[in-house]
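Shown next as structure tokens: one chain only, the form predicted on its own.
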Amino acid sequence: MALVAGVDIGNSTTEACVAEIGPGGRVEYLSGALTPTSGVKGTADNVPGVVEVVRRALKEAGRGVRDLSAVLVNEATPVISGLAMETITETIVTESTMIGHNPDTPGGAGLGAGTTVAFGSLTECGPGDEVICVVGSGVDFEDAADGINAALARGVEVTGAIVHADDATLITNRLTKPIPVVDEVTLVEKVPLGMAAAVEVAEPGRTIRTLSNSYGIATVFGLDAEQTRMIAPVARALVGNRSAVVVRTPSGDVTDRRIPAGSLTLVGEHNKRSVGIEAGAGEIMAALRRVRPLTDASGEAGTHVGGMLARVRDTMSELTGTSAEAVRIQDVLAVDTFVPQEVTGALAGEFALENAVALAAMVRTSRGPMRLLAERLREALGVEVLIGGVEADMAVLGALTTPGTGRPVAILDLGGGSTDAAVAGDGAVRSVHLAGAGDLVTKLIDSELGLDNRELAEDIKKYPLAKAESFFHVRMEDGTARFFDQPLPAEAFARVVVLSDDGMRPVPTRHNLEKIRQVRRAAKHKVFVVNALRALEQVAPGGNLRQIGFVVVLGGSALDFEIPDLIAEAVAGMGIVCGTGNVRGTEGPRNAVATGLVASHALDLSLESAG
């Protein structure tokens, strides 16, 4: 009996499988273990992590390092991935044309239109004048309410108000006639006076209807077709707001322009294409399909994408000792997304969702660094270290220990930086390694929700959401209620929360539960589902997915509560049996490569003994 340990060094985690190999290649699996990867995959920095995971697995099996015959490591060529995002549209407001934000407590409800008048000038207005009162800083809410009431009593039609302080509700509660009031306008002194304006506040739980509609604005201000076309960016920027102000000035302008974001050059084996990043992800991925297989890519200098590709090359160059010019980009994935950007020239810190393109890229290198890693492991463990086969081949062997699988089988290994796929039929294994996985999903969630908190975005990606409806229960995202014996934390009350393993975590955003859920699922679909289909198409016989009988989803992201289901739905119409792997019937989607290394070594030993 030979005691061996198979070790899979991944980008994020290092896994081990300890087994005894008996006569005829019979394998008895004893234990498994997992630990974070130390250093970059496939380099000598991995040694501490490998030593730790091997010791853990041996301890669980009741054995020691001295009992080992060999340690089997996968051919873990370094993979470096990078992420970048280019914003490709921008909303610019000149002459203070728009105020559209969501103060916590706007006052009143409805739509008011009139001419902007400073609070101090209300006394100069006569009966029948339709005005919007602009209340600057330093005006007490009671004085503001008294002044507006006095104007109303004289017959002045005060149809709305714009207020600097957070006083909207206090003012409207004291008025003799309800009017819409928008408050917390920080640059209220820049609101142009004597101009036609409209103020709209929606009822609680609703969003504005008129000022977020191009034709609604046209109706209020009497615009012609060309003017309506120019005001369209204003309406789009105000969609989803509970309150807004639009002021029409003679020279005012709102533009929605595309920002030159540089170009991406894709080099294939037979041709080369350049595509402008502002053309969007669809055009970039279409160009990639035309040049496939990709041999290299470069971005225009001075752009985020150009900088990201350069960083990826430099990092790989430092790891392998090769020149940056010799490092080649193996794959890219482009995804259309939205980024909340502050509106240039706005008066209340307004944000508009601008179009952006997120790009992931990946490079790999030769197995040269693995030899040095194997030598260091021999010194650290005092045991023979063998470099096993290609990682994808080993993953397939491990996946085949999942009960109910059979050939032809495909595996999808969903990691943090890359998505790997392989297909094993009766012949050789075909594999592909693509850029884009869990890290890109986290970045999309973080940017689209405007969180600026990567750790929270990671939790939103991994765990279900709920809304705290009382101090003792939450409403889950599937509509069911969950009750608690102890009162919920005060900071969670009436908030959307993430139900993580560490407890309940409030999401500090004004987005409702459905919006956050939609962003999360869309990000997973854009990355994991798109990449899964892209990968399977490249490894399937003749590019026909119907030739694949089984797909086994492996890797850390396969533990996600909805990614495997999203992929299964995408391939269901092609007659493919798809599900999360259960390696050896006990390990779930983990440990496939480590198990495959042991199975492959056992097969080699049996062939040697037979020969």
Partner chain sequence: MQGPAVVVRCRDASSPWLREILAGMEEEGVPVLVEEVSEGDGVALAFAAARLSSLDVGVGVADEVCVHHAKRPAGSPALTGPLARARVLGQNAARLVVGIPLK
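Computed from a prediction, not measured in an experiment: that's the story for all the values here. Positions refer to the first chain, counted from 1. If you superpose the two forms and keep the largest set of C-alpha atoms that fall within 1.5 Å, you have the rigid core.
The form predicted together with its partner chain exists for this protein as well; it is not shown, and the discussion that follows is about that form.
A.B. asks: 181-189, 212-220, 398-406, 129-137: which one contacts its partner chain in the model of the complex at 4.5 Å, heavy atom to heavy atom?
C.D. replies: After filtering at 4.5 Å, what remains is 181-189.
A.B. asks: Counting only non-hydrogen atoms and a 4.5 angstroms cut-off, does residue 168 reach its partner chain in the model of the complex?
C.D. replies: Yes - in the model of the complex, heavy atoms of residue 168 and its partner chain come within 4.5 Å of each other.
A.B. asks: Since only the chain is shown here, I'm wondering whether residue 119 would be in contact with its partner chain in the model of the complex (any heavy atom pair within 4.5 Å).
C.D. replies: Residue 119 lies outside the contact set for its partner chain.
A.B. asks: Considering only heavy atoms, tell me if residue 304 and its partner chain come within 4.5 Å of each other in the model of the complex.
C.D. replies: Because no heavy atom of residue 304 falls inside 4.5 Å of its partner chain in the model of the complex, the answer is no.
A.B. asks: Using a 4.5 Å heavy atom cut-off, state whether residue 488 contacts its partner chain in the model of the complex.
C.D. replies: Heavy-atom contact with its partner chain at 4.5 Å: present for residue 488.
A.B. asks: Which residue, 461, 313, 495, 433, is the contact with its partner chain in the model of the complex, using a 4.5 Å heavy atom cutoff?
C.D. replies: Result of the distance check: 495.
A.B. asks: Between 142, 455, 478, 269, only one gets a heavy atom within 4.5 angstroms of its partner chain in the model of the complex; which residue is that?
C.D. replies: Exactly one listed residue reaches within 4.5 Å, namely 142.
A.B. asks: Decide if the three candidate residues 242, 338 and 569 all line its partner chain in the model of the complex, where lining means a heavy atom within 4.5 Å.
C.D. replies: Per the other structure, none of 242, 338 and 569 touch its partner chain.
A.B. asks: Rigid core superposed, CA of residue 537 - does it shift 2 Å or more between the shown form and the other one?
C.D. replies: For residue 537, whose C-alpha is compared between the shown form and the other one after core superposition, the shift is less than 2 Å.
A.B. asks: Can a Cα shift of no less than 2 Å be assigned to residue 140 between the shown form and the other one, given superposition on the rigid core?
C.D. replies: After core superposition, the C-alpha of residue 140 moves 2 Å or more between the shown form and the other one.
A.B. asks: Under a superposition restricted to the rigid core, does residue 449 display a Cα displacement of 2 angstroms or more between the shown form and the other one?
C.D. replies: Result for residue 449: no, shift under 2 Å.
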